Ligand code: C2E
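Quick setup: one chain, the form predicted alone, written in structure tokens, and binding and motion questions come after.
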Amino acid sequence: MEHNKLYDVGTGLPTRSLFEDRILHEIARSKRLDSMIAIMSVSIDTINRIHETHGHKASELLIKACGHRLNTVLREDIDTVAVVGNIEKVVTISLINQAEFGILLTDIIQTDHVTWIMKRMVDSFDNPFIINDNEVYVTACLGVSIFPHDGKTPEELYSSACNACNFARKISGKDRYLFASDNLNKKAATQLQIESLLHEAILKNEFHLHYQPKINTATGQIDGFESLLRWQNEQLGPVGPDQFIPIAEQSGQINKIGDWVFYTACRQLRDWMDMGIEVGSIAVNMSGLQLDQHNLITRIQEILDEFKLDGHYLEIELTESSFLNPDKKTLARLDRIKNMGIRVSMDDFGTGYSSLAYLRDLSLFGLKIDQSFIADINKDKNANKLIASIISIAHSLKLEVVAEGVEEKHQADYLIELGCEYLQGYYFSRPIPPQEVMDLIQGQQAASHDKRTSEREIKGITPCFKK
């Protein structure tokens, strides 16, 4: 009797009672961790029709199959799918025999993840179910509430999710999802629009690269550039990487975009070299997901061969999260990239999963201190100490250090004093299009012959080529 109270007999999934207990537990946990949880109401509108056409047993089999399919979208042993239809406890908006499932998502950091999960759930129902040798198609509507924004108790949260699910059905008929919050709905709609438009961005030549110089603190000269992706869409206008890169990663488009970035940066480097412009090395940002590509090494080598480039002209920057629990294949690919002569560095150090083990074991070329630390120089004593510690540790491991986001003279002064090898930021130059790189290099060369600027005005660097 106790088991039947907690688990549905037909599907083996948790019942409403266990579902609410788990929500209550996660509410307490999220308060401690300052995180969010998401509650979903999933309505499978075809269940009644299957029941009437094929009988009770067929509808039970379909509910079980739907529950299994939803589970394949979620994280095993972390998220929960529960059967909450046909219950005595009626919520504010009664969805009996329609809202068959409730879903609990835990450890939500950004609502973008919830949007992605909901889209995958709706898409998962595009394929038919085989019930008693019959192909059965179902449609689904989803509503979602977020703790703590849309309720404080399991009842309030699920009621908000049901309301959103009911509204999604009314305005669209089927295969839609809505947040309980209007603001989140607008954000979700924007994310879907971005995902859709990304598919044709390369074909329409909407992507382009800008280049930001890295300044060698020993010479005060430009010693390489970082390539930065920009997207100018005809509908949305300029779209920032912080908006579209996470969506590209979630939707699986990041590999195609990453390939375009690497190819374009190499082609541009070859053009500059053919024109006699010495720009040093080019750094290319790579998503950790790209390391999962089985043909990544082959593709990199193909591009290097096409443009007759040695690997030492290139540097790949990966964020800290890319190095979180890497498997053997990932480590092997990193080694093969380094064997090509390409330098591999850790980007945005200090913002993710900082671990000295990564720095010790991965044989990296260098690391880049995130600009959020640089902005706090001389504003927060702890920030100064932390930066000094990072640079000291990096040097002890023979890693070169780049500080990004340098916007003020006092920041440059402090970093030079600590022995930071490279500086990058608006104090010297904004990211610029390729055609302006030549002017920047020529401006630097002219300044280096000017006696007035040869006296290292800021302990080694004069931003005479500032854009």
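In this text, residue numbers run from 1 along the sequence as written. Since the model is a prediction, treat every value here as computed from it, not as a measurement.
Separately, the form predicted together with the ligand exists; it is not shown, and the next lines address it.
**Student:** So which of E156, D348, E206, D107 reaches within 4.5 angstroms of the ligand in the predicted bound form, heavy atom to heavy atom?
**Tutor:** After the contact test, the surviving option is D348.
**Student:** If the cut-off is 4.5 angstroms on heavy atoms, which of these, D242, E76, E234, D126, is the one near the ligand in the predicted bound form?
**Tutor:** Looking at the other structure, the residue within range turns out to be D242.
**Student:** Indicate whether the candidate residues G10, A65 and V136 are all in contact with the ligand in the predicted bound form, with contact defined as any heavy atom within 4.5 Å.
**Tutor:** No: no residue has a heavy atom within 4.5 Å of the partner.
**Student:** According to a 4.5 angstroms non-hydrogen atom cut-off, is Y414 in contact with the ligand in the predicted bound form?
**Tutor:** Y414: no, not in contact with the ligand in the predicted bound form.
**Student:** Heavy atom to heavy atom, is A265 within 4.5 Å of the ligand in the predicted bound form?
**Tutor:** Looking in the predicted bound form, residue contacts with the ligand do not include A265, since no heavy atom lies within 4.5 Å.
**Student:** Using a 4.5 Å heavy atom cut-off, state whether E226 contacts the ligand in the predicted bound form.
**Tutor:** Output for E226 is yes: heavy atoms within 4.5 Å of the ligand.
**Student:** Although the partner isn't part of this model, could you tell me whether P431 comes within 4.5 Å of the ligand in the predicted bound form, counting any heavy atom of the residue?
**Tutor:** Yes, contact at 4.5 Å.
**Student:** Quick check for you: of 242 to 250, 378 to 386, 269 to 277, 114 to 122, which stretch puts a non-hydrogen atom within 4.5 Å of the ligand in the predicted bound form?
**Tutor:** Heavy atoms within 4.5 Å of the ligand in the predicted bound form occur in 242 to 250.
**Student:** Could you pull out the residues of 389 to 427 that have any heavy atom within 4.5 Å of the ligand in the predicted bound form?
**Tutor:** Residues within 4.5 Å: E404, G405, V406, E407, G425, Y426.
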